[in-house]
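Below you will find one chain, with nothing else, as structure tokens; this is the form predicted alone, and questions on how it binds or moves follow later.
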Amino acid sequence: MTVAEEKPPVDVDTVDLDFIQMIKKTGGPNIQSCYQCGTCSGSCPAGARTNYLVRGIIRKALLGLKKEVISAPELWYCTTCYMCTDRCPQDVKPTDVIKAIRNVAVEEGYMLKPHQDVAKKVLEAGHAVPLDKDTWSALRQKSGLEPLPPNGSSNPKVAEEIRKMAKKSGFDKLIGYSDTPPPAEKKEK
């Protein structure tokens, strides 16, 4: 038999009532229309394979539990497939709510390392999944495509422009990106 663990009670002193307004402003204007029917969680492919519950995140957000919501690793489990948004009977747009909460989380310094790595790859290469030119160019041409896709892989200036925007907006600092290489370690003789 497995013993169920009790969760600690919610500390009402940590409730952030401005959190809901912040979410509404950053992309989740209909969050307060949620009546917790569970359609979002029931139709979520990520939730079927992980402990991710869209409904749970939205409920905690509605309770103003900002710190608990933005620091939760499962906030990043959403694949943004929009299945929940397509099925929500209240037009809450759960995917947009999750993305709005992620924006708040990043501003507060919370982001899973794999997501940081992808963001850094975009800044480095101009695309999240840059192609190895030697491997893919011939295959693309054989398939009747251009040797490189029309993204950062085919235009190095794209990555340069993305880095400029990231620097200007401060996104580079949010993800811990530096375009200067780390100092070389001194070799001992």
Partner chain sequence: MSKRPAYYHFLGCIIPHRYPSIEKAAKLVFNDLGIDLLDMVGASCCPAPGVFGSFDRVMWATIAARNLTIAEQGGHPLTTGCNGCFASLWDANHELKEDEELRAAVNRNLAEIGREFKGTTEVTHYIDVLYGVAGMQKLKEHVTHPFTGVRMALHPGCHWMRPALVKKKDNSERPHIFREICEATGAKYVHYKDELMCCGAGGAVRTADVKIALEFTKQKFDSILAAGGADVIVTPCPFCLLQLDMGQVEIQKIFGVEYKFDVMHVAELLALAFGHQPEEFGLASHLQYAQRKTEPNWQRLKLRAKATA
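Residue numbers count along the first chain shown, from 1. On a predicted model such as this, the values are computed, not experimentally measured, just so you know. C-alpha atoms forming the largest set that superposes within 1.5 Å between two forms make up the rigid core.
Note that the form predicted in complex with the partner chain isn't included here; everything after this is about it.
At the 4.5 Å threshold, heavy atoms of R59 stay clear of the partner chain in the predicted complex, well away from it. In the predicted complex, at least one heavy atom of H127 sits within 4.5 Å of the partner chain. Mapping the unseen interface onto this chain, R140 counts among the residues with a heavy atom inside 4.5 Å of the partner chain in the predicted complex. The partner chain is not shown here, but in the predicted complex it comes within 4.5 Å of a heavy atom of L145. Interface residues of 55-87, taken as those with a heavy atom within 4.5 Å of the partner chain in the predicted complex (partner not displayed): W76, Y77, C78, T79, T80, C81, Y82, M83, T85, D86, R87, in sequence order. Relative to the superposed core, K142 undergoes a C-alpha shift of no less than 2 Å between the shown form and the other one.
Cα-Cα spacing of K133 to D117 is reduced in the predicted complex versus the present form (difference of at least 3 Å).
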